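Only one chain is included here, represented as structure tokens and corresponding to the form predicted alone.
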């Protein structure tokens, strides 16, 4: 008897639905990838038509003509400090809100929650004038500092919630042994929080990499543009050359897909941490 015949009908139907959703989700990306290796003549044959041979020169044209080498490194320069500083500060503030007692604790937590709900469109104009007053327009600081400030509320709430799922017996034993707060944080909490910190880092990486509004308003120098902003100006120059344009889009999203594939196990572990407590 085959293995599929032992699967209940409800489970088999659920699998078919999941496979259908996966196919619908991945099809646009596969079409984007297929178009990026076509010639302009191949594009006219249809979306699903295969090219005679892959035109990888589209990626070279997009990389050189679109200045993606500059935009790529600018995105790296912005993303690394934003993710590192946001996770570090979120770890400290999350530990404080999860375990410590201090004045106005509930009020400060409510303010953090409120800050997470305010959209960037609501404060982008005051932020522009503030950055111009500080002389930070067209600098990496103009891209990094606001992103860190926007990430701290979510980092704090995310890590504080994850810390509250840790086994209380372990922390109580450390307190009874006379361990200080810094020792508990460094030796007990951080090792147990690695999956949650990895998930948070992946979230922040995706959000910062895709951020468009802040670079668009605070940076107008080509030397400081990030990949999503560079893609906007590249699209204006190559609208009629669809294969090169799609090759540029693949260059922009490829680091996100690669990062997710590398850290997907830690991402799932971080999301499910504490679910079986």
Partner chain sequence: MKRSALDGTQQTNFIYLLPGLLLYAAFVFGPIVAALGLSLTSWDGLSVPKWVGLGNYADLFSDSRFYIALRNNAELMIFYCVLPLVLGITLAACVWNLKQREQLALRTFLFLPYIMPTAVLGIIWAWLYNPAFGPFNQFLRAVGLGRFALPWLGDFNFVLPAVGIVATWYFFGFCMVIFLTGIQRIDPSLFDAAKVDGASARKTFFWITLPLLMPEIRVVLLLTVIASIKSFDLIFTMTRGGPANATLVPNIYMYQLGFELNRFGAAAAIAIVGALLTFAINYAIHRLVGSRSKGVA
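Positions refer to the first chain, counted from 1. The model shown is predicted, which means the values in this text are computed figures rather than measured ones. Take the two forms, find the largest set of C-alpha atoms that superpose within 1.5 Å, and that set is the rigid core.
Unshown form predicted in complex with the partner chain; subsequent notes refer to it.
The partner chain is not drawn, but in the predicted complex it has a heavy atom within 4.5 Å of residue 46. Within this chain, residue 235 lines the site of the partner chain in the predicted complex, having a heavy atom no more than 4.5 Å away. Taking the partner from the other structure, the partner chain in the predicted complex has a heavy atom within 4.5 Å of a heavy atom of residue 228. Contact between residue 22 and the partner chain in the predicted complex is found at the 4.5 Å heavy atom cutoff. Taken together, the three residues 15, 26 and 103 all lie with some non-hydrogen atom within 4.5 angstroms of the partner chain in the predicted complex. For the candidate set 127, 137, 77, 192, a heavy atom within 4.5 Å of the partner chain in the predicted complex is found for exactly one residue, namely 127. Contact annotation for 90 to 125: residues with any non-hydrogen atom within 4.5 angstroms of the partner chain in the predicted complex are 92, 93, 95, 96, 97, 98, 99, 100, 101, 102, 103, 105, 108, 111, 112, 114, 115, 117, 118, 119, 121, 122, 123, 124, 125, listed in sequence order. Superposed on the core, the two forms barely differ at residue 217: its CA moves less than 2 Å between the shown form and the other one. The Cα position of residue 43 differs by 2 Å or more between the shown form and the other one after fitting on the rigid core. With the core held fixed, the Cα of residue 26 is displaced between the shown form and the other one by 2 Å or more.
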